[in-house]
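Quick setup: one chain, the form predicted on its own, written in structure tokens, and binding and motion questions come after.
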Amino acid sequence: MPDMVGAKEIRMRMGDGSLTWMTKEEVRADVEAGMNDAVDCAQVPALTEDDLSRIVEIMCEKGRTVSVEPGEEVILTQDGGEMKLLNDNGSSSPALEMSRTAAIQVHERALGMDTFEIAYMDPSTKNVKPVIGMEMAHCQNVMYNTVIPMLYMFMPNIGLYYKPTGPYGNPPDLMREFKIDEAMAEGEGAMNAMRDDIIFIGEKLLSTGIDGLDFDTTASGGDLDFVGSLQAVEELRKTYPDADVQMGMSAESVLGISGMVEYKGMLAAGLYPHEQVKLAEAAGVSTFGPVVNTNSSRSTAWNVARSVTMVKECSRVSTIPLQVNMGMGVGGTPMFETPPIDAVTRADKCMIEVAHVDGL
């Protein structure tokens, strides 16, 4: 350990992935502060003293990586599917030259994924719809050549239904012009169009025999995005009552683009994970993916404690399994293209042991 570290012997990551050193007392203080911030923001119960002590213990473990005890493992999956191996985004992808099906087989047979998600290279609902025939054929080919459960991942992404990529006016732009009624009408028009497209591609994909669907980054466009997605799930359930439908969120709180749109009599704007999951249950979602956003200027200890506090309450009230989102910038992991494994494994272990999630 470098001499400059002095008494600060705990190796810690910041929320942007940078390395720092802390004392155990500083770690404890950050864990308490992160928890308190979650309690204040989401109005959820505080963690117990045992929970706080366990998070501190995990964050202070000396090893480069940490893990759970044998028998305590949870289900793993990932969004982005085969694109994680095929696409070169300039920093984190190996950019391998192979077929999409081969990339999925590598994840199954070499990397040991428990489940997997097929994904188009630009997986927003609006972009998948024109190539749905190709994606149906791909799903069938994958199902013939794999064993593990396969989901099809797409992003609802209501933003593409607004101008200039779609026919509807952007509500925030219209509101700035004080065109409130027009903003509400355009937003709901975009929501309905997105919902109908999700139903269309969902029915086509499920007809191939694929195991289910993954709604990725749901509510990225706020409450209209969330409610349109919930309505689509409810409609798909009429035709495919047994399909697995996973809904992963995009943020800890649903942004109020409309502020007035409701689902099952509840306003969608401003809901936190423990409230979001109840609407997901009502719509017929099988597995819910709560999200808590990372503060890049705070330590991983702070971010993990904050995330675990919100997700533990979500886990307590949920009647469906939680597949918590633990990618870059969520779940306490650093906001970095390839999050450091020391931070990721500590965040994962805390989610499993303290928040009691069912999958990552």
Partner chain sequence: MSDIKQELIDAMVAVKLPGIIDAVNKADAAGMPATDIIDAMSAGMTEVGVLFQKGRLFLPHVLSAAAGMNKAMEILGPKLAAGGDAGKKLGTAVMGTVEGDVHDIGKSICSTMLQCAGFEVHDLGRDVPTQKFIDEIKGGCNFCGMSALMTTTMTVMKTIIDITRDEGYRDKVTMMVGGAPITQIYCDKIGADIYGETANETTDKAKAIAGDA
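Quick caveat: nothing in here was measured; it's all calculated off a predicted structure. Residue numbers count along the first chain shown, from 1.
Just so it is clear, the following notes concern the form predicted in complex with its partner chain, a form of the same protein that is not shown.
Participant: For Leu52, is any heavy atom within 4.5 Å of its partner chain in the model of the complex, or not?
Facilitator: Outside the cut-off, so no.
Participant: Closest heavy atom of Pro167 to its partner chain in the model of the complex, within 4.5 Å or not?
Facilitator: No, Pro167 sits far enough from its partner chain in the model of the complex that none of its heavy atoms falls within 4.5 Å.
Participant: Counting only non-hydrogen atoms and a 4.5 angstroms cut-off, does Lys238 reach its partner chain in the model of the complex?
Facilitator: Lys238 lies outside the contact set for its partner chain.
Participant: Mark Met266 yes when one of its heavy atoms lies within 4.5 Å of a heavy atom of its partner chain in the model of the complex, and no otherwise.
Facilitator: So Met266 does not count as contacting its partner chain.
Participant: Can you pick the one in Ile201, Leu279, Ala193, Leu255 that has a heavy atom within 4.5 Å of its partner chain in the model of the complex?
Facilitator: If I apply the 4.5 Å criterion carefully, the residue I get is Leu255.
Participant: Quick one: in the model of the complex, does every one of Cys41, Met175 and Met335 get a heavy atom within 4.5 Å of its partner chain?
Facilitator: Result yes, every residue of the spot touches its partner chain.
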